[in-house]
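Let's start with one chain on its own, the form predicted on its own, as structure tokens.
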């Protein structure tokens, strides 16, 4: 086994050594690895549309370099992601890797980014520790602690004293459970149950019954993007929407892309997140209109805006380096970068390479016959609390 690992490592090193220097290359390839099929396909669809919209709006040339977007389907598998990352760097000479719909996939690519010295821009996966796995990882999505801790603060200030937490049992869910729970308990609240549901083939029904028997003031929920409709359907089937139990969580559960499918059962759900398609700014109104026009009326969600901003980060970094697309030059330019996103003001923390952004508290409301996550409170310039707690 040890020999096999050594052989794989040597093969990887040889493969990556074949990748040329980028300084004289007139093309900058962005290798985008996304779940285009499988249960997380909605993430891939949104991310692809966000990246392609940025390319369409800003052109395919920046700082004298032609931008090529090469999109690959990871099928939701870590081994496929790793192979694709290797091929993109060694064969396609990708200067940037981008995407990564789930945490295990972002982690699978991290050694490639390190070995090849190629920035890995995470535009989806939200487990806090991902940026610690390679000095070349930069994130434009969010971390679960960023959204979960503010949700706990809001609950404490609004009469919620007893909560059951239900999370999907993988990295982001564990982060959400920990940061909501610890913040809530520190403020005097009680977590009466901590329930974890499998990532594969999730069935919330038995867990929801356990929660109902407990009669909490609220249920705090985290599910990955695309899974919210399953949870909400089962929540309503058990009559919990009429039980007086508040539904609170991170914005994944009331994903803008799925609100129409979820229907009126989502009304009144309160979530904390970094983006809503209803965000009231000129930049976002223009973004939503352009996105819907380019995608047959599809509403952008937080995955779309993260990919749009991932592209913005690459363009702005290339402008700053005057076209130098070598990994260390790009990475140096990305650290500390700030700009105005459709979600509001954002920047890249130069220490952690995580995004700093506003977190909004939102409530699902109906406007003009459609459901929206309507923001009613803003927590400005939120850094990832996990990293902040370590420094």
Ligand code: PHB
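Numbering follows the first chain given and starts at 1. In this text, all values refer to a predicted model and were calculated from it rather than measured experimentally.
The form predicted in complex with this ligand exists for this protein as well; it is not shown, and the discussion that follows is about that form.
The stretch among 260-268, 217-225, 150-158, 291-299 whose residues place heavy atoms within 4.5 Å of this ligand in the model of the complex is 217-225.
Using a 4.5 Å heavy atom cutoff, 102, 144 and 172 all lie near this ligand in the model of the complex. Residue contact check for residue 125: one or more of its heavy atoms lie within 4.5 Å of this ligand in the model of the complex.
The closest heavy atom approach of residue 252 to this ligand in the model of the complex falls within 4.5 Å. Of the heavy atoms in residue 118, none are within 4.5 Å of this ligand in the model of the complex.
Shown alone here, residue 303 lies within 4.5 Å of this ligand in the model of the complex, counting heavy atoms only.
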